[in-house]
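Subsequent text provides structure tokens for two forms of one protein chain, presented individually as structure 1 and structure 2.
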Structure 1
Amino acid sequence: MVIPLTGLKIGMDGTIVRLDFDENIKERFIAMGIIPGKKITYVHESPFGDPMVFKIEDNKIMIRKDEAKKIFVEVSEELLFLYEANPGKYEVISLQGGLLFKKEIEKLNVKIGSKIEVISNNYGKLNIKVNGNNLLLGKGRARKILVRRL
């Protein structure tokens, strides 16, 4: 699926497909390393939601949303954060927190690759099932878990 960079969730990556700019501006982005065929990851989000920081190989580049809208990437499938997930089965793709958060959540058997089932989603407050155990997650934690629908 091809989506603009602004469609990426934090931590998600895609392969650059095309840049919809005038020739001159396009050339500038290409010279900065935003080259079709390269993998690009959305790594930092600004306190005010705009601009965004992306990582390409070892470079981190800040791009405003107005420009990011015009850069298109191919993503394998749409990912979403757990807090926006409807009831159903999901696979954990990544955990977007600090070390402490990761340790804590892994103790609860929520790891990268683990399968979970969302039983109910009450405005971001989740009741989920992992390894047969029921678990309640607050919005704060659910925001940091990136999942893929199974």
Structure 2
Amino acid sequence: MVIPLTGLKIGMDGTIVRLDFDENIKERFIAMGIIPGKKITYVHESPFGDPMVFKIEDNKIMIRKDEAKKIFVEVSEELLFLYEANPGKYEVISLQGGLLFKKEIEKLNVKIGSKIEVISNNYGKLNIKVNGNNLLLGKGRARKILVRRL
């Protein structure tokens, strides 16, 4: 699946497929190492979401969101935050909150690698099933849980 760089979630990676810029701008990005065929990882987001920080090999590169929309990557699977999930089964990939959040959510048996079932999603308020137990999660907590559809 080919998506723009802005479609990646933190921790997700893809292979650069194409750059949709004019030739002079495209050369600037190629000089920075953004070359089709290279693996790129989304590592950090600034407080207001712009610029975005990516890692290519050992280098970190900051790219404005408007420019990231014009760089396309191939991803093998799409990750999404739990609040975006439709009913179905998912695997937890990452917990992206602080230490307190991680402790609290792990007490509910939501851990990295655990399987969860989204029963309903009402605008980010989720009813999920984990290890046979039903839980209700608010949108704030669900925004910090990165999942992959099974």
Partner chain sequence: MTFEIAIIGNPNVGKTSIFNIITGSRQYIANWPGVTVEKKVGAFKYKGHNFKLVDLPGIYTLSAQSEDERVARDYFLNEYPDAVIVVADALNLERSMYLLTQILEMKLPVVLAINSIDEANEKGKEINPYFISQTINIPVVLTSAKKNVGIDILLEEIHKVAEKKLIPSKKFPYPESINEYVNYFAEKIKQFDYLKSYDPEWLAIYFIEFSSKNFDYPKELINDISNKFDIQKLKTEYMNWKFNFISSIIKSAVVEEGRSWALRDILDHVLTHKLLGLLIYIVALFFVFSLTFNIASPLSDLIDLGFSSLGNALDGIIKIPWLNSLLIDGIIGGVGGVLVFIPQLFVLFFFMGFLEESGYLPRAAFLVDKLVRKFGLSGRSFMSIILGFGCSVPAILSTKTIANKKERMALILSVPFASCSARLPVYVLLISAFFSKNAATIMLLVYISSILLVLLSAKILQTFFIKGDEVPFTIELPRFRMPTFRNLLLYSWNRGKHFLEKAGGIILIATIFIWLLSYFPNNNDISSSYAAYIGKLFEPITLHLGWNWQTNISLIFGAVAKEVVASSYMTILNVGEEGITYALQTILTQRSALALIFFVLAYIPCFATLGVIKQETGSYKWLFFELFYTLIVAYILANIVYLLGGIFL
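All residue numbers here refer to structure 1's sequence, counted from 1. Small disclaimer: the values here were computed from a predicted structure and weren't measured.
Report the structure number, 1 or 2, for the form predicted alone.
Structure 2 is the one predicted alone.
Which listed residue lies at the hinge, 113, 123, 76, 120, rigid motion between structure 1 and structure 2:
Checking the domain motion between structure 1 and structure 2, the hinge sits at 76.
Relative to the larger rigid part, how many degrees does the smaller part rotate between structure 1 and structure 2?
So the smaller part swings through 21 degrees relative to the larger one.
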